[in-house]
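Below you will find one chain, with nothing else, as structure tokens; this is the form predicted alone, and questions on how it binds or moves follow later.
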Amino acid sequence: MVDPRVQIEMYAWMKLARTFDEQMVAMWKQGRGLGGTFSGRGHEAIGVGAGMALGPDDIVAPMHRDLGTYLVRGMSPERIFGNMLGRATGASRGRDANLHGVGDLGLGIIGFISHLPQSLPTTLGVAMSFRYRGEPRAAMTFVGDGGTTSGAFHETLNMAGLWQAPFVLVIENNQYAYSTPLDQQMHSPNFSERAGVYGITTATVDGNSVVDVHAACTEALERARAGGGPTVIEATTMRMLGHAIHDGAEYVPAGLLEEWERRDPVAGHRRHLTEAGIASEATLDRLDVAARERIATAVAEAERAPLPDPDTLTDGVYA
């Protein structure tokens, strides 16, 4: 049973991520200087549930739909909006213009590697460094269903299983790899079965239940830190908008989106909290207002922030 106070905190983080996402999409439509825009609508329970399961010394390599993980780990909305606006205050100091450039090792966040699933071997290397040094730490990363068809996915799992690395992978099965549905990606979409052949513990959870995601990730991370080896968790959800904002996702049947909209993770967790008597509607309304105010403040600060100094153009360039 997750502590009621933690469950309320989960709602607050998911609402902040959803509000950020809605503001980001609105700004793109208004032409307000955003770069590549990738909505994480529908993925909030995964990003927040996994992020809140991490320990302070763990390392995580999120993807472009894991905004909740970035926020939970301490990446401020100001820095992320600053990144999207190409400002000097952004996480990449104006070198990128979307979530691809967001990372901070001081917060235990490896910046997203946009060529999927290349974050997997990188994260496995981090996990093995913990094992070599005998440190009770774990490394976690994420991949979409489409990324599981890449060679790097299988090579990483083979080595993680062989070395029994303190490595946790969350597969975000959101039904589509860009425009390709699951039944056109692979003969058997049983991700647990595919990962299990490498001697890895597996689990499948409802990716729209933040409590279920958190429980599965907590168990996997604790096992990894204790020397129990890697885990692959399949979190089933739906990508509610296109691959990126320019993609209208006309290839997705309307009925499928309507079905998943009824399972919205933010609204669903809110219902759970009120029906279980954990939080009142008034309490959750206050969190909604706080999220809107927080995001409005972040956008205003990011838009006021300076652009990078051209004299710093080559800073951080090593080749």
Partner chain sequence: MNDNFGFTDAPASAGRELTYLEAIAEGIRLEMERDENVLVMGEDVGGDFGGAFKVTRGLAARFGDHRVLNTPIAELGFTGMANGMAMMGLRPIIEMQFADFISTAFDSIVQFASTAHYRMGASVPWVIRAPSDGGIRSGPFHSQNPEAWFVHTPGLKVVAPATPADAKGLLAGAVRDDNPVIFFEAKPLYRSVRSHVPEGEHVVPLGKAEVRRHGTDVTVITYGSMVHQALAAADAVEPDGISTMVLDLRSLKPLDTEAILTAATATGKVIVAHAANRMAGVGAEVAALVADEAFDALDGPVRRLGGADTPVPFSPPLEDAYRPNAEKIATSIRDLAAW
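Residue numbers count along the first chain shown, from 1. What you see is a predicted model, and the numbers here were worked out from it, not measured in a lab.
Only in words, not in the display: the form predicted together with its partner chain, which the text now covers.
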_Contact stretch among 166-174, 125-133, 202-210, 219-227 - heavy atom within 4.5 Å of its partner chain in the model of the complex_ = 125-133
*residue 93 within 4.5 Å of its partner chain in the model of the complex, heavy atoms*: yes
*Closest heavy atom of residue 214 to its partner chain in the model of the complex, within 4.5 Å or not?*
no
_Is residue 118 part of the interface with its partner chain in the model of the complex - any heavy atom within 4.5 Å?_
yes
*Would residue 100 sit within 4.5 Å of its partner chain in the model of the complex, counting heavy atoms only?*
yes
*Let me know which residues along 141-155 have a heavy atom within 4.5 Å of its partner chain in the model of the complex, or say none if there are none.*
146, 147, 149, 150, 152, 155
